[in-house]
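Below you will find one chain, with nothing else, as structure tokens; this is the form predicted on its own, and questions on how it binds or moves follow later.
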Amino acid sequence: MLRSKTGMIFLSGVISVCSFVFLLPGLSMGAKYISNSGCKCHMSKGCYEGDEYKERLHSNTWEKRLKGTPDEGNPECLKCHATAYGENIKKGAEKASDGKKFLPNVQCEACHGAGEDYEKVKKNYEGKGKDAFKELLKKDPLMARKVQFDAGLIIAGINTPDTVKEQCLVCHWESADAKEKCPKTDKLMDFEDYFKKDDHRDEDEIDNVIKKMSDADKKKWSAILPKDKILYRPLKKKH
């Protein structure tokens, strides 16, 4: 299951301020952020991932914590309470106090990378259009992941930081004396608890394929299999 980052959803590279994004060689540095409204499938009513997201604090980190306060446009706060601050945004943007654009709240693209990169892969697979990629996803989900991996899309625990925890620590902290700790709160992150609450993985075709893989196949496809052991934990039951 994809978990991408800008230049982020499987990642190596440079942290882009306020998007948790890590740039990979195949990604477009100028790719546009399209906001959650562009994630039509995952954010549609009844989709497990979207429904899980809407229940979590990430979905309102700007609206509930910053909107209407003196910090609602504070660049330092927007680095973690918003998405794509100062980046190339296609729609749904607000403006910070310094005039730079941002997407309110921690949206999908904060962890999965600019949506335009996903659109390019899914709409232009082998030059045949989005239906061709959908067909590939159905017939050979492992190859579909490889196509996205080769394009530099972010996949959690694969080409993102080595662990999901490292990704979280871009904006969270575990100790009161952490260097990047926000001076406006004393709240610390208990990663185990956070992961349980915000684990929006659902079982899909590729999960079933991986379960049946031989040791030889696992070695063959090792580049696109999860490196973080936490991603092999049992999935939460769907609502």
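Counting begins at 1, following the sequence as shown. Here the structure is a predicted model, which means the values were calculated and not measured.
Another form exists, predicted in complex with heme C; not displayed. Remarks below refer to it.
Of the residues N208, S214, T185, S175, just one reaches heme C in the predicted complex with a heavy atom at 4.5 Å or closer; this is T185. Using a 4.5 Å cut-off to heme C in the predicted complex, not one of E116, K134 and A223 places a heavy atom inside that distance. Contact annotation: C168 falls within 4.5 Å of heme C in the predicted complex, judged by heavy atom distances. Although the partner is absent here, K32 sits far enough away that none of its heavy atoms falls within 4.5 Å of heme C in the predicted complex. When contacts are judged by a 4.5 Å heavy atom cut-off, E94 does not count as touching heme C in the predicted complex. I89 falls outside the set of residues with a heavy atom inside 4.5 Å of heme C in the predicted complex. Residues of 86 to 113 lying near heme C in the predicted complex, listed in sequence order, are V106, Q107, C108, A110, C111, H112, the criterion being any heavy atom within 4.5 Å.
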